[in-house]
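Below you will find one chain, with nothing else, as structure tokens; this is the form predicted alone, and questions on how it binds or moves follow later.
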Amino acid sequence: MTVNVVLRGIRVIDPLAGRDQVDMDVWLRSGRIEAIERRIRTDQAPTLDLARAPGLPEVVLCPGFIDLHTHLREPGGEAAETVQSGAEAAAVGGFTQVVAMANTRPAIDTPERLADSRRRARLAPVRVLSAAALTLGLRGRDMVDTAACAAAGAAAFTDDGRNAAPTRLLAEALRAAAEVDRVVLVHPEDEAMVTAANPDVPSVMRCPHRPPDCEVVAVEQALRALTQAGRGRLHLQHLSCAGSLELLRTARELDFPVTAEVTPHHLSMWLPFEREPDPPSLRKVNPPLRTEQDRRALVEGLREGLIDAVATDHAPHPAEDKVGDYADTAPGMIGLETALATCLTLGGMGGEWLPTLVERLTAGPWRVLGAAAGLREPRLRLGQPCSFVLFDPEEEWEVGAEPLRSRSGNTPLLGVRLRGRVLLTVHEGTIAHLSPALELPGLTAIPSA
């Protein structure tokens, strides 16, 4: 589908260009942004007036969001998610580029499996990149062939979901990744400490008790590995507690090449829940939701730039993996379709903080991985096929009232009303998502799967 329309009275935010302008007109034509001006007068396109009453937040046009941390489950877990269904969910959430984690079955730990991942992503409606495992089978023992995996298209290296590699091996991996200009993404939880806290649970990934010290110690170990490596770039995934931020702050003051992300659910949810979801395991994630004090620290860390990016850790599971004894259920929740609204409604990132949130969803993730990873620069360039998202920060919607594009529904937000809706997602000049709430001349919404 193509579109030719002038959007009137919207806000344009392009963080890498230093642009934040209100009450602008944007001319969209054939997948391109033809013009961005205060008022566009043309008889070549109809005008859609999206201006808001004084005092109300304007509809926003910005570069497409980038997710550094997505689980797409294919191969091996197609009942929960496929590359296609996950990419469709990403488009609904405004994401035009996602990085899929390597913990599939089998793990993405060889050049051949990376090539297979790229093949699976060819027809996806958004750009899907693949991270390679850091170690074979995610077991933390033997490193993958870093150079060969990078040549095959690995966007980064990570054993996400596991953190079994000793400090010495992580340091070696950081040096190897530096040779191919890639980042090492670390899931910072000390597995020995997690196991000790859950003596009766056989699977370290499903252990429900994961004290904050498990994360803090793992962050210390990762930073020690970075020091031993002497080079390389380290990225800390899904930080969840205030103690980790203090270590990150000190490392930044010492000019360590380290970045960090936070998830929408850690920005917006904390324990105890005001009302438990049914089943309670819908809120089970690794690392777990923590206290309101930790949540506030994460929000402030994101606002001040200590945390570089919002990343969903979209983790789909079939319904049967989320029922039964809490300790036996799978950790993780879906997040691609709700990320923006969760941050705006529950995370306090609206209002004057909206440009900061847009930056952490676009330019921030791009800076973390860099151009060598295969990401396209998130910019609004005139006259070129580009990727962008149009969203209304005020429109309310109910999670699950319309069918989710993800194959899984494991989120504690089902039935919750959120504020902030993606109206249009365009990926490299092609419409990837059109909301029923946006009536573009001559076009109808893309039907739900």
Ligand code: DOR
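Note that residue numbering begins at 1 and tracks the sequence as displayed. Worth saying up front: this structure is predicted, and the values here are computed from it rather than measured.
One more form of this protein exists, namely the form predicted together with this ligand; it is left out here, but the text below deals with it.
Undergrad: Residue-level contact is defined here as any heavy atom of the residue lying within 4.5 Å of this ligand in the predicted bound form; does D313 satisfy this criterion?
TA: Yes, contact at 4.5 Å.
Undergrad: Contact with this ligand in the predicted bound form for V285, defined as at least one heavy atom pair within 4.5 Å: yes or no?
TA: Yes - in the predicted bound form, heavy atoms of V285 and this ligand come within 4.5 Å of each other.
Undergrad: Quick one: does H317 come within 4.5 Å of this ligand in the predicted bound form, counting heavy atoms only?
TA: So H317 counts as contacting this ligand.
Undergrad: Indicate whether N103 is a 4.5 Å heavy atom neighbour of this ligand in the predicted bound form.
TA: Looking in the predicted bound form, residue contacts with this ligand include N103, since a heavy atom lies within 4.5 Å.
Undergrad: Please pick, from D160, E74, D321, D294, the one residue with any non-hydrogen atom lying within 4.5 angstroms of this ligand in the predicted bound form.
TA: Among D160, E74, D321, D294, a heavy atom within 4.5 Å of this ligand in the predicted bound form occurs only for D160.
Undergrad: Just one of G232, P277, P125, P331 has a heavy atom within 4.5 angstroms of this ligand in the predicted bound form, so which one?
TA: Looking at the other structure, the residue within range turns out to be P331.
Undergrad: Tell me which of 66-74, 416-424, 45-53, 398-406 has residues with heavy atoms within 4.5 angstroms of this ligand in the predicted bound form?
TA: It is 66-74 that comes within 4.5 Å of the partner.
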